[in-house]
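Consider the single chain below, provided in structure tokens and representing the form predicted on its own.
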């Protein structure tokens, strides 16, 4: 029998106090409901300028050595109180720079990763599973979880790109593992120009522009067939003067501007963007994008995971 005399409780306040003694919480008068009629907008739309990130990383090149920093990168943390990591709930976006003639040591981890190249001269590579994969502006490169990966800039120019990882999701669920390569940089001789982990901009842009319009002046292309289980990559073309309106949904997304200029509106916020800028669009916000010049954006989102769980809802069907 229980050592707590629940039968002696004369009122609910007393009963609640007794429940605390046995580390139980009542389910009938919770201060914060477990269920609510629609998703909470915990994260907010946000915008970061590539020109700021580039300038900061260029300076960091003289202050932050890759010998002691695992990666020379900048995290785009969503500007909500107490947050210093996720860009949206399940994903983080960052900018990274590797100097001319420099390498970034190889490691592997359970989070999946993806890169969108912003600046890179010939002979700039990411090394994945023992193969050197070229990095050219606009290219998209995948790093599936637990693949060793490092970077080697064998050119005479700094290289810059955007990284996207599902680390916030891994933090939430718990299975975080990380391991450095025993040889610092994984040996690699083969140059895998046609790697299935690489989507070359020169190849996918023509395919994108040949897609049927989703709206006037707007085309989209899901890059595949290689994929990651937790987030996707959708190229979006918006012609000069065209507007793309997206209803709110449960999908969390981050956009990177591959080329062009324009504006976006979401949740009362207005952003003016250009090449290389990053935009956070968390779940349950309507958003609208208008191109001031022909633009290509890359949308990274957790839609594949939500679809597997049958959790994709939009403002139209939610």
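Because the structure is a prediction, the values reported are computed rather than measured. Positions refer to the first chain, counted from 1.
Just so it is clear, the following notes concern the form predicted together with 2,5-dihydroxybenzoic acid, a form of the same protein that is not shown.
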Proximity to 2,5-dihydroxybenzoic acid in the predicted bound form, single hit among 115, 198, 248, 233 (heavy atom within 4.5 Å): 115
Selected contact from 205, 89, 107, 123, since only one has a non-hydrogen atom within 4.5 angstroms of 2,5-dihydroxybenzoic acid in the predicted bound form: 107
Exercise: residue 141 in contact with 2,5-dihydroxybenzoic acid in the predicted bound form, heavy atom 4.5 Å: no
Interface membership of residue 163, 2,5-dihydroxybenzoic acid in the predicted bound form, 4.5 Å heavy atom rule: yes
2,5-dihydroxybenzoic acid contact in the predicted bound form: residue 171, any heavy atom under 4.5 Å: no
2,5-dihydroxybenzoic acid contact at residue 71 in the predicted bound form, heavy atom, 4.5 Å: yes
Proximity to 2,5-dihydroxybenzoic acid in the predicted bound form (heavy atom, within 4.5 Å), stretch among 107-115, 187-195, 240-248, 215-223: 107-115
Residues in 73-105 with any heavy atom within 4.5 Å of 2,5-dihydroxybenzoic acid in the predicted bound form: 73, 94, 96
